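We begin with a single chain expressed as structure tokens, specifically the form predicted on its own.
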């Protein structure tokens, strides 16, 4: 009964805390809306057009050169409707070269400021499309995400089911345990009094032979225990020795944080764009920083939506700044200083020297996907070794994987001969000689 009451009270308090937090949040929002006589932040932007459609057009047409809140190849676009009138903006976007040729002072000033880089014309954009783009870029800059922790101040107190309610639940459970101990003590005392009143003698504990001495004198039990201990020691020793050289789960911290989740996952960049040598070489190779700068010359910060609770937008922007420092790129001047610094990447996957593995054989010839060996790389924020990369793991793969014969006359000829020999329709790598020692050890 006490346990039932405790859980009922704790559940009620949790529900009450959630309802109260929701009511407070909605009340605060309503109060802010009523107290503020000004329109909402994006009211001015929505008057221009549809910001959602503007975002889509901006990403496809403008994002290569412009950013909403910072300079890129061209100027930052946020606040452009304040700096220029709408008629001039429409004329500039549709044909900036014409305004420069006419000697328009604003057009010439922008052209001179940004290294005389002419903006390409966009005659296909309608006035409505341009207004939608302006509605998107004129939205106020989003505030960085803040991670609320259950232990700190008001954030912890207002969290649903956290803070005060958790302490109350723990206090109730402690109280219940104390009550149970008290009840057990009273029951024991009552039973002893009842036995004494009934004339029942409660036997006192007698000091017997020590348990260790009885254990030593029992030869059979001693033998069985020794055998079990030896088997256990042998089992764990074998397991430990079999893990020597196996680095599955190894996850080092790199000098520059690189998120495969963002690049290979969200942006769907092909693995072989960065690791291009995997197509033609034994090694997949570490991409040079020049490959990074192919994109990051114009991408100096991430979008707010990219940030997570663990990694903020400021963190990602700081890592891009580390890249700029390594290659000597000055984003404000859009020039290279010539002062380069090496980046000491930490290797994650490393086979022993006596094991031969060719990436091109697997990637280009066999058509094996990167995820087959490296795991769900497109979901990894920090890369780790997913597979054990042991000899047994490789052999199992060769035994279970069929060779792709389509479009390869050499394999088609071998397949025709070996399929008759083995009596199968498809050949595995093992049947093609993939288990020969010299294939991997030379």
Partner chain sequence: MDLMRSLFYKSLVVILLAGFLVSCAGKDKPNYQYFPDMYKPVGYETYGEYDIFVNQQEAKLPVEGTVPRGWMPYDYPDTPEGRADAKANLENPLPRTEENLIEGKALYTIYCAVCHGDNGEGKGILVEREKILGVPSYDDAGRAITQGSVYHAMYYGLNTMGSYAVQTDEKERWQIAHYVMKLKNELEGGEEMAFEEVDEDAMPNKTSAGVMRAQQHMESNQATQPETSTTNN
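Definition used throughout: the rigid core is the maximal C-alpha set that superposes within 1.5 Å between two forms. Numbering follows the first chain given and starts at 1. On a predicted model such as this, the values are computed, not experimentally measured, just so you know.
FYI, the form predicted in complex with its partner chain isn't displayed, but the following is about it.
Annotation: in the model of the complex, residues 229, 252 and 352 each come within 4.5 Å of its partner chain through at least one heavy atom. Contact with its partner chain, judged by heavy atoms within 4.5 Å in the model of the complex, is confined among 192-200, 174-182, 74-82, 231-239 to 231-239.
Comment: its partner chain is not present in this chain, but in the model of the complex one of 277, 358, 308, 95 has a heavy atom within 4.5 Å of it, namely 277. Among the residues 369, 290, 332, 128, the one placing a heavy atom within 4.5 Å of its partner chain in the model of the complex is 290. A residue is said to contact a partner when one of its heavy atoms sits within 4.5 Å of a partner heavy atom; residue 59 meets this definition for its partner chain in the model of the complex. Although the partner is absent here, residue 297 is a contact residue: one of its heavy atoms lies within 4.5 angstroms of its partner chain in the model of the complex. Taking non-hydrogen atoms only, residue 64 approaches its partner chain to within 4.5 angstroms in the model of the complex. In the model of the complex, at least one heavy atom of residue 266 sits within 4.5 Å of a heavy atom of its partner chain. Core-superposed comparison between this form and the one not shown: the Cα of residue 57 travels 2 Å or more. Core-superposed comparison between this form and the one not shown: the C-alpha position of residue 310 differs by less than 2 Å.
The rigid-core alignment places the CA of residue 298 less than 2 Å apart between this form and the one not shown.
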